[in-house]
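Shown next are two forms of a single protein chain, provided one at a time as structure tokens under the names structure 1 and structure 2.
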Structure 1
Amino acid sequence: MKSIIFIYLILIYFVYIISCSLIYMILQDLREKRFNKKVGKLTETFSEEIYNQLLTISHNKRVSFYAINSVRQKLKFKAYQRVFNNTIILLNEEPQNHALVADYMTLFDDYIKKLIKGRNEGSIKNVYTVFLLGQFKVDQDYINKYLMESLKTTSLHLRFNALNSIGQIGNVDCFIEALRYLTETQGYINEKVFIDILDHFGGNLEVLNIELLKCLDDLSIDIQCIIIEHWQNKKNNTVAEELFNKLQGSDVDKEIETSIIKYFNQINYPPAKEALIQRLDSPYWECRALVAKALSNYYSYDTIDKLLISIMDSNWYVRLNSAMTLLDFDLGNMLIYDVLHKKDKYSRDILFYAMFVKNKITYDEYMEKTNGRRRW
């Protein structure tokens, strides 16, 4: 009997807690809806006010103290803050507004300081503050310092937003310092996300590239590969010589080696041709396959001769890439003659397969030439 009463009481307690949680959630939702309604009403007028001030700055004129003070006063209220932040975020969607936003936001130093003050590390609102700092783009020491401190966290979202904001603000020294910090602490940020941050760096990219080259060897292998992929994405040929020298080095890491080969696949750098051809003899099939593909940028008799050998490679991918590259050189019947002359059934098959993939022969012709067999 006692246990039944006990069970009853516990269950009533459970139901009470669940109900309270749901009611709290619903009330918060209603509150948010009311708040958003208020924000919606203010958006039209207050955003207009901000746009007008930005327009004044864009015409190299000074915004009056009275006008700025009016915005500052309004920023004491949460609804106005939301409108202000949303307007700045919206403006930042167009890259040509970035410099203008940075100039404008220097007028709101006190607002930024108030935002930063008293935030708990890793809290949802702190992450939002860090995100906003990137949107405001104000390159000030106290902001950079705050962002660097935010990077030193276990919260992934805070770390990502801190690095992203440092990148958006575009202070090269601060960004390099952040990379060094991440190398030392091995703080995880997804490779693709990291490359994206680099691709959208808000400062001077030329200066960044020079500094990245200077410190490249000090950074972790993962970060080095990310930087090389970023250069590849941006088709940056100013770093080709340095990367070529790195590739020539005796103790180059396999990951970095493959990243550099991928870079030379995108960026044509003739002096790298010999080094790439040599790598068709690499013990790693991944490396041979990548080089066979990259060599499509480096037409020469030496390249063709070497590819006619690598088309007989033991690895299917190396054979395929070699065949595809040879077809890119548009050698006509000479190529088919050379390959058939080798009397190597694998290279012959892969050449016909590559011709089929490149729509140089039809499915039926391919089946006829290979007698319908699969020699993968």
Structure 2
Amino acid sequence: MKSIIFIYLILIYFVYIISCSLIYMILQDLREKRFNKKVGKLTETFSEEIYNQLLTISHNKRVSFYAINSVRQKLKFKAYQRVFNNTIILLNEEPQNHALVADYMTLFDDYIKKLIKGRNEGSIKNVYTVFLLGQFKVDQDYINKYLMESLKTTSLHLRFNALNSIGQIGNVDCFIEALRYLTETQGYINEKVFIDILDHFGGNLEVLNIELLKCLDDLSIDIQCIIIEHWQNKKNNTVAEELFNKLQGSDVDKEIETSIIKYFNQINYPPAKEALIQRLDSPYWECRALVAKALSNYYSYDTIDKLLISIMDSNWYVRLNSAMTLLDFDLGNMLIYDVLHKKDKYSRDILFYAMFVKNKITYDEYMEKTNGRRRW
């Protein structure tokens, strides 16, 4: 009898817990809907008020204390905060608004300080606050310090948002300090994300590049490669000489060497030609393949002679890139004669395959010239 009563009590307890949970979720849902409805109503009027103040600043006029204070008072309420933040985020989608937003947000120092006060590391609110600081673009010591502290976390989301916000604010010294910290701690940041942060740096890119060059050797191999790829994406030829000197170094890391070769594939720097040609003898096929491709920017008799050798390489990718580059030089029948003269079936096959890829011959012609042999 006692055991039956006990089972009933347990069942009643579970029903009570489940009922309370359901009631809580329903109330939370209703609360969220009510909040979103209020935000929707405020969006038109409050956003318009913010746009008008920004328009005033864009015309080099001063916004009245009364108008600014009106916004400050409204920011004491969460619905207004949501509208305010969303409006600033929307404005930042247009790069020409960045400076205007930064000027405007300096008027809301108290609001920013309140946002960052008492945030728990790794909490959703903390991650969102760090993201907002990047949107506000205010370059103040207390904000940069907060972001640097946020970088020192095990949370990947928080670390990404912290570095992204530091980049968007555009303080060069703070950004370099962040890179040094990530090097010391071997902090992981996704490569593509990191390159995107560099490509969209909010400060003076020219100054940033100078400082990156100064500290490049002090940074981790991964970060160095990312920086070189950033320069490659931006087609920055002002760093070509320094990268060439680095490539000439006796102890250059293989990954950095690869990144620099890719850079010279995009940036034509004639002094690098000899160094690239020499790397067609590299023991690493990845290096030989990249160099064979990069040499398409460096036409010369020496380049052609070396590629006519590398087209017989033991690696298929090296042979293909060599053939593609030789075709880029538009050597006509002379190229075909030189390759056929070698009587090497692999170089002959890859040349005809490259000609097919570049639409210089049809598929039937390719099959006919290779006697129906497939490229693999």
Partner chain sequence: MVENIIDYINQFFMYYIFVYAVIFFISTIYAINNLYQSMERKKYRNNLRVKNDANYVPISILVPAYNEEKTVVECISSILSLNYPEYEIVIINDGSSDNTEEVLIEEFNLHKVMRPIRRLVNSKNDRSIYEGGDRIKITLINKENGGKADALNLGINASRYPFFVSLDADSILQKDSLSNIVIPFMEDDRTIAVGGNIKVSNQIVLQNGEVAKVLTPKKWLIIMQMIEYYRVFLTTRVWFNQFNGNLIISGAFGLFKKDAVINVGGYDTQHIGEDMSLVVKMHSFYRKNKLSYRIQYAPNAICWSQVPERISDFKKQRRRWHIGLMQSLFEHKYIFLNTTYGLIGTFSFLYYLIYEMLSCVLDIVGVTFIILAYYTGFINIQFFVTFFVVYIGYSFVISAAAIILESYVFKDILNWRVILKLIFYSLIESLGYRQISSLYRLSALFQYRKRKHEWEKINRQRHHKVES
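For residue numbers, the reference is structure 1: its sequence is counted from 1. Quantities reported herein were computed from a predicted structural model and do not represent experimental measurements.
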*Quick one, which of these two is the form predicted together with the partner chain?*
1
*Considering the turn of one rigid part against another between the two structures, what in 24, 190, 253, 41 is at the hinge?*
41
_Quick check on the domain motion between the two structures: what's the rotation angle of the smaller rigid part, to the nearest degree?_
13
